[in-house]
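Single chain ahead, written as structure tokens, the form predicted alone.
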């Protein structure tokens, strides 16, 4: 299915056969219209998963696709993924990790020079990067986990906040579930707020939009798409997983020697390594055998040992599909629900 057909299906069909414009209006928000998006959907900048190809696919459908520079982010990697956008004229975004770009400041320079529609930097407390990005005419975003986080980000002039609930995959502060967090942040700030965490069905997309979110920040639901960078082993593990198969852990980060702040554990698929070492992370730096096993598992693409980031909506990922097909299902279904 081409992206053009996916978008046509979404905007031309609703449960009661309304016009093309009425179908689009069912999901459209002020924020998505201001950004020139057809769909109020952002592809989360998942490190090692959301590359240029997935970003282009999401944007071609009318959302905002993002390139993610996670723990292994680098200038070389960012330039490589930006190269995959050659010939693509639509909007895109770039997501960075605070401590990663602090170690390699040129990452932000390269991101700004690429002239994306949005730059997101999360997992830190220093928000001084935002003024530099805004001065370049680029909108800014950051993830927040509490009302206080939201207020600080809004006071720093961040353009759009991402209320990331504890259901979400990857790194995040497990403070609140998505809907209560969204409610609380919306009540505390006046800037647009996107919802993230556990959004993987038409009903959950409709729910966050009905609750007042300016859009949805989708990660897990897009991770296994044809256009993603996900490895074959990780993809197979996601397709086989249920929503109850995730775990919050710092074991993988400690085992790989990654300096993630302890506030941000990883939600990933439960496996042998996570089960053995979660709660015993302090022992890992002294266990060379365990760390070597983890490294070997990553090299072998072994989901029994390596981290496979996934949120609690992973049970909804049941097939490898083009991003266009996933977004058509979500957005057409959400429009039908809201029109009811």
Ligand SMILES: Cc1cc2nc3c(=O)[nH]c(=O)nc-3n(C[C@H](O)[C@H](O)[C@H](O)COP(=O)(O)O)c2cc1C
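Positions refer to the first chain, counted from 1. This structure is a prediction, so every number in the text was calculated from the model and none was measured.
Although not depicted, the form predicted in complex with the named molecule is the subject of the following passage.
- Within 4.5 Å of any heavy atom of the named molecule in the predicted complex lies no heavy atom of residue 181.
- Although the partner is absent here, residue 58 is not a contact residue: none of its heavy atoms lies within 4.5 angstroms of the named molecule in the predicted complex.
- Though the partner is left out of this view, residue 122 does reach within 4.5 Å of the named molecule in the predicted complex, counting heavy atoms only.
- In the predicted complex, the named molecule lies farther than 4.5 Å from every heavy atom of residue 252.
- Partner contact region in the predicted complex: 68 to 76, out of 244 to 252, 128 to 136, 146 to 154, 68 to 76, criterion any non-hydrogen atom within 4.5 Å of the named molecule.
- With the partner removed from view, the residue among 49, 27, 306, 64 that has a non-hydrogen atom within 4.5 Å of the named molecule in the predicted complex turns out to be 49.
- Contact with the named molecule in the predicted complex, judged by any heavy atom within 4.5 Å, is made by just one of 237, 97, 194, 158: 97.
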